[in-house]
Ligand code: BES
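Listed next as structure tokens is one chain, alone, in the form predicted on its own.
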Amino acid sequence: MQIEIKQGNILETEADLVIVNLFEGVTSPAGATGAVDKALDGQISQLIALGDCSGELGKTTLLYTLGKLPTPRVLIVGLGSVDAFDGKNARIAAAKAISAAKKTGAKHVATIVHGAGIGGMDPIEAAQALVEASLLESYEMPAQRSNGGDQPRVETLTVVEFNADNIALLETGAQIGRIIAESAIFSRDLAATPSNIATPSWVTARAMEMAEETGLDIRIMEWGEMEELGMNILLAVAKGSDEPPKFIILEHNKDRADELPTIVLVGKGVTFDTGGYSLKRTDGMWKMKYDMSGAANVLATLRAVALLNLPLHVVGLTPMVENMINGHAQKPGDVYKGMTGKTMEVISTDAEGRMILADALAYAGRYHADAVIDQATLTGAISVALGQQAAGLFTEDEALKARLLAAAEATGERLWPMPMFDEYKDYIKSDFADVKNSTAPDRGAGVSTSAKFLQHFIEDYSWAHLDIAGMGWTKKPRPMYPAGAAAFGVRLIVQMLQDWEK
């Protein structure tokens, strides 16, 4: 979608459809909406009086101008209560509006900025919210169709602003919104691409292209180097596949590592997960191409960090493997020693994500970071606990928890703190190694014991674990999240990094 910022009058704008807005409880629209109402002989006021245009958040009303304006259609989107209006509601309104516009078949849509007037939003933040939500809502997953598909698309979005003094601010906000949205889309594309295409090598190639485009430093560790480092727990998962594992290391501001805060992001990168010998059920296995969502998010976040040029030293670590079955594959009962020298017993080969993260988190220790945050589609149990309402947050660092929860509140990518009681260590005690990778067949406390397993392998640094298994793939569409790969966590972590020095 092409985004353009234009100084002008919405009444004089030529487009297939024009979007204006309305706060809940308003009986006489003002501003741009009032001007459109007047040009349409009070149609909007009449609909308000009839109760057909309430301003309820996200609710849209379509009008036809019948030649009274250069545009044939006007769409009114509700902004909800002015007292409750914020960036989250601005995004919801923008997403609902662009979705409704798309359904009309409009290819060129013009819109005013939602909330920069009586809503009180900063113009930069308002433009960011508008562009970010519009791009994310318009996302379509990559598909290998012979006819190329014929879905209606909004090709151009023109943001119209009457006040010339605001144009530069809106351009800045729109650019930020585009960078963040397109980075999230980069993650969605990786997670949604079929695993016969998106192998560890293919993902690595995409990461290298992205690093070259953005100026990120990149290094790829191959099997031999991982073996020399003692990453035998990670490699145990990779042994079952003909696809070689990769360990992608991305760095932003590597040359300033000594003078800037260092944050390390770690992402689970299982490009396909059969479950190994602890085989998954067939009815949901097709979706296991998204089991590398954590890694995709980390790659996407580093893309955004580089393009936004954040004043931080940010490292991205993404171990990439397939979890398959062959004559070399790990087996239940096997014991492996990891990079830290600690050992683990395999109880379930389907608990492979925590295994590759164990060595990745150990590697993270060499950066002496101010914080290490991992993201992973780690457990089905988190979906049972939280559904598709929030991701699980596990940490014992209250300051880091506060940073993450603040970013979650700002972006609407919700987190819910989960317990990290010491007693959970007892669940993962092994008779044959330091720890075991699963409590199976006892399924109790599946989410917290998985976090305790990861904690066993971290070094002396501030750490948080995000279990995004319930949020990584959208089942029921909601604003900004069409069905499919969600990239949940990209906007959240970018926001946290933007706010780091605050």
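So that there is no doubt, residue numbering starts at 1 and follows the sequence shown. Here the structure is a predicted model, which means the values were calculated and not measured.
The protein also exists as the form predicted in complex with this ligand; that form is not presented, and the subsequent description refers to it.
In short, of 314-322, 258-266, 390-398, 370-378 it is 370-378 that has heavy atoms within 4.5 Å of this ligand in the model of the complex. A residue is said to contact a partner when one of its heavy atoms sits within 4.5 Å of a partner heavy atom; D291 meets this definition for this ligand in the model of the complex.
A residue is said to contact a partner when one of its heavy atoms sits within 4.5 Å of a partner heavy atom; A351 meets this definition for this ligand in the model of the complex.
By the criterion of a heavy atom within 4.5 Å, E132 is excluded from the residues contacting this ligand in the model of the complex. Remark: Q43 does not count among the residues lining this ligand in the model of the complex, judged by a heavy atom distance of 4.5 Å or less. The partner is absent here; in the model of the complex, the one residue of K280, K88, R178, K337 having a heavy atom within 4.5 Å of this ligand is K280.
Taking a 4.5 Å heavy atom cutoff to this ligand in the model of the complex, the one contacting residue in 456-494 is A469.
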